[in-house]
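A single chain comes next, written as structure tokens; it is the form predicted on its own.
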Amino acid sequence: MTGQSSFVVVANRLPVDEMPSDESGERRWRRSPGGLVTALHPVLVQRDGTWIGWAGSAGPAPAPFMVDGINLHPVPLDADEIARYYEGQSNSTIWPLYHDAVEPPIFRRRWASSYREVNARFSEAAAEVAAPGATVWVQDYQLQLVPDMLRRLRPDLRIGFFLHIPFPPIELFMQLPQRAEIMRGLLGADLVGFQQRLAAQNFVRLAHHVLGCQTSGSVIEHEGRRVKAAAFPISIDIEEIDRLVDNPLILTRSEQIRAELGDPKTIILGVDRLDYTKGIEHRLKAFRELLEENRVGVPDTVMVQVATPSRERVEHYQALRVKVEREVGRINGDFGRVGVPAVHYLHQSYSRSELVALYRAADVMMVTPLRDGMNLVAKEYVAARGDAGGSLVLSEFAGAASELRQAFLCNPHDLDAVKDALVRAVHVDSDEARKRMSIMQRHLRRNDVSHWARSFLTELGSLT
């Protein structure tokens, strides 16, 4: 029995956060911030669409409900599945492998089995909810088996898939024990979207290499169907950033932040999840060396590093936190003063408004991941600097580097290159800084998150 939604989004998480229960004990929800739900909200409302995903806590799923005009269909995960499907196969196997094996991926058969079972559950939910001939858009690396599973259940559907993280070259992907299964899973889609053109090319090559598929340009022949692979670089909600930037309270908070930091000449900012792919440890080492070489100095220059807690039950992340905090302590011990640390390290989450205030306060933004599908923080910083001030130091290995060419680009593995880029950003002429920032801002206004969603869905709709 099929449902009545002509547009269905399938993602690991529902786009909502649970609020404290009211006096009656009923569960309450609010829409979570994020570019993806912002971009898809109008389409979901217009088409009476449904978003399928996990509600965020172990155990039975709540009954389907609605928030802000979006139908939400929860999928249950128990504690073992969270450990094996999510923390295991998704985040300890696939995540490190797809990020150039910055940390060694771990391969465990019981994780792969749980991943398969959970993907089947999501597929069954989508098959139940989707109306005849509906469009289903599957999101990200946790659900790479869903397109094929869903097509076998519902061959009438038009299916798209988008990978938000990098897709690796043949040499890395071939390490994956489930490589053929993953490729077949993704080829169940009509359109497979990636952040970068090179990732789409990797996928086409692997379809031929692993499954022997015939390919022509970006099109793959698979089981009598034509599957297209293409790049659709994701972006941010410019209008949301504009609203926040124009808020007098945020402008005041930005000034307060500078005062709280001692009104230094230069504030260097990093905002990342505490993840080994983000290059936080390398960034801190580069800053320490600049202090040792007297190319920058305290209190004229201070660094603020926001490291949002992430996947704290995964061993790689626990080890990274120890390393980062040790490096922060070393820098502050050697170069800080009483009441004036060289690095302000903040291992906590912040609201959107506080982040925008930090962006406005920062003279230099450092976004130096070792590997990143896109990195929206870089785009948010550029958008938040409506005053055309500030400088962006950006890793060549962030997807955003292919668009934000006016940033100070560097190889994050080369500490001397990171140091040189940072020094150039600190001392750049104000006219040059404004010119660089203005060019990047114009690009982002033409290519916001709504443009990304429209581009993908238009392409998917045009395929025959």
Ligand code: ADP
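From a predicted model like this one, the values you see are computed outputs, not experimental measurements. We number the residues from 1 along the sequence you see.
Quick note: we don't show the form predicted in complex with adenosine-5'-diphosphate, though the next part is all about it.
No member of the trio T266, S391 and R436 reaches adenosine-5'-diphosphate in the predicted complex with any non-hydrogen atom inside 4.5 Å. Mapping the unseen interface onto this chain, R352 counts among the residues with a heavy atom inside 4.5 Å of adenosine-5'-diphosphate in the predicted complex. Taking non-hydrogen atoms only, T368 never approaches adenosine-5'-diphosphate to within 4.5 angstroms in the predicted complex. For the chain shown alone, R273 is a contact residue for adenosine-5'-diphosphate in the predicted complex, at least one non-hydrogen atom being within 4.5 angstroms.
Taking the partner from elsewhere, S92 is found to have every heavy atom lying beyond 4.5 Å of adenosine-5'-diphosphate in the predicted complex. In summary, among the residues V377, A189, I280, V118, the only one with a non-hydrogen atom within 4.5 Å of adenosine-5'-diphosphate in the predicted complex is V377.
The listed set V324, V306, A131, V298 contains one residue whose heavy atoms approach adenosine-5'-diphosphate in the predicted complex to within 4.5 Å, identified as V306.
Looking at 247 to 255, 342 to 350, 214 to 222, 290 to 298, the stretch with residues near adenosine-5'-diphosphate in the predicted complex, meaning non-hydrogen atoms within 4.5 angstroms, turns out to be 342 to 350.
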